[in-house]
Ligand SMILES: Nc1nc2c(ncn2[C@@H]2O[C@H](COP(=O)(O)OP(=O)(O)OP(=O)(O)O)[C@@H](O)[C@H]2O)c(=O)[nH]1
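A single chain comes next, written as structure tokens; it is the form predicted alone.
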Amino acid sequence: MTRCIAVLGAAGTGKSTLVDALCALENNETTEATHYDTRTARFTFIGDDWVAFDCPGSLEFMQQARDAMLVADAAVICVSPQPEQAVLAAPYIRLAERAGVPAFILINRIDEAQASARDIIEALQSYSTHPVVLRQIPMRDGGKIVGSVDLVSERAWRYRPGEPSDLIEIPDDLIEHEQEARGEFLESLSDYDDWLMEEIIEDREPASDQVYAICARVLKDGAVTPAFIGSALNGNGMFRLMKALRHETPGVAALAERLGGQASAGVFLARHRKHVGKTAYLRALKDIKPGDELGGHALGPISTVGDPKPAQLTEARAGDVVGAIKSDHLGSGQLYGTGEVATPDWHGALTPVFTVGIKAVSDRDDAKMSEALHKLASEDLSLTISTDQETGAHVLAGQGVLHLRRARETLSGDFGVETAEAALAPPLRETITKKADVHFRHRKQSGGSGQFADVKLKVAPAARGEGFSFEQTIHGGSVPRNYIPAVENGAKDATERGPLGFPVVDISVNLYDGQHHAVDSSDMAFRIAGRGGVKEALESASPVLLEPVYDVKFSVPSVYTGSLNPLVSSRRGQVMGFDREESCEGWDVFRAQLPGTALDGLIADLRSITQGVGRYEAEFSHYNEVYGKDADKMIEKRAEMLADA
């Protein structure tokens, strides 16, 4: 049986180095890590098969971490030895807790630590709803960390860079500290085990085997998060960490139960490759083989993943990680079975926070680009594709500059489509502030039958958010009933672009009189009349510019909440308040209202003041009127944008 761990951590914490070090314990070959994609590393340890998902360190690729956690048996969260950087681990601790995935913490680069292990753990505890329990204490020599003492087995190990650590006696000057730390460790565990509590009360020394068994159980239950220390770069502490993983990580049966028991497989990554097509990387939750129904279609050929030379397989046993080709129906971050299988509530697509418009450099690539974008979207739940209706540009919306850069590089490298940035129309609207009564006649005669339509319209402002409404109060058949829909369609046409150059919203149109001609009147004539009449009315009814206002919900560590007030104020926003985030320790939900134009570049500023860990979600609320210089600037900017498009 293969067990899988998702290795998570911020950039610079040594996450990929950790994966390489675990593979090197038994000289397993591995592939090179990448900045953008989850790396799958396959290795063995004491006769067991393992797969490590090396997830990208940038939070712009957090969706890949979510997808990997969907099929992982456990997570290893790599953290810095500096207490002030504990906040960088907060998003990953939060993810593990929400997903219900057992998590281990590795305080990496421990040989660089200046602070005490207790201070590091206290800093991490600020972001964990579960007790973070230190399983090892550092052993120092002249102020430098040279080894560790295991608090379960009470064995001391002296590090040897690049070589296995030496088993030594616990130094005399460390015995008292070790006893104190072990006592605190056992007391933390005893909160979840009556037998252990009784042993402590009776002042009996519990056997190591029984303590290990308790550690495995409380980890599986998600009650405690164990923390280990080491240095992946020097290979220090890796064997101890891997022994704990081997003993305590639950197997695929526990994962299948956690996911509801209906899924046969889960896809954690899907990629289209030039000359190969789409490959879906999946974890088998039950025994499967090519040809089996998976998501309503037959599973294609499968092969090993994480090996330098992938090998074809005739079947995948429960727990195996494989790549499937000719299975284009399989998408990233999805569970599949013989019927419909829902993903857990915690898992879903991250809300886009950064948008860019793009167009093909060559007109010949327009059709190819649309198909390529569709394939890109099927690979990544956190990437959305749309079209700007005014400029015709393709709109990429994702998690930040790096995320969308990777998308464009994929378009170029894998699909052969070179792209350039394109202007996007600002999400502005306009309305009117006065009523207007117009009489509009459309007459055209150019030989043969002509065109004739006469309408009288009342156009008035509507309540904010009501959009467009049309009614008719015709009496006596001055405008035949069969022509009234054409007048309404013409009125709608006029709202596509108002006097200020923006779509018109929140108006009501009433057709109350008119004239027709028995021969020259037609649907087209009355549509033209309806359009012309409303256009004339809009120009005389004091048009005003509208900008969208969004309800914005920030999710940030509590230490940064105070920094959001000036951020919101500087962007013409209004603070609505904040609360503790109930489901996540150490996080706040900060609410504000911001104009739509203020969302441009907001994620960059937010990440700047939160060390990259803050997020926000924006939902349209209403439109506000804009006057004076602000309105003039917006109108001028849009005119420039259209001129350049």
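One-based numbering along the sequence shown. All values derive from a computational prediction rather than experimental measurement.
There is also a form predicted together with this ligand; it is not shown, and the following applies to it.
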Problem set entry | Contact flag, Glu536 vs this ligand in the predicted complex, heavy atom cut 4.5 Å | no
Exercise. Would Arg580 count as a contact of this ligand in the predicted complex, using a 4.5 angstroms cut-off between non-hydrogen atoms?
Worked result: no
For this session: Indicate whether this ligand has at least one heavy atom within 4.5 Å of a heavy atom of Leu233 in the predicted complex.
Result: yes
Exercise. Though only this chain appears here, would Gly614 touch this ligand in the predicted complex if you measure heavy atom gaps against 4.5 Å?
Worked result: no
Exercise. So which of Asp193, Asp520, Asp307, Asp111 reaches within 4.5 angstroms of this ligand in the predicted complex, heavy atom to heavy atom?
Worked result: Asp111
Problem set entry | this ligand in the predicted complex: contacted by all of Ala10, Ser16 and Pro56, heavy atom 4.5 Å | yes
Exercise. Of the listed stretches (601-609, 615-623, 56-64, 572-580), which one has a non-hydrogen atom within 4.5 Å of this ligand in the predicted complex?
Worked result: 56-64
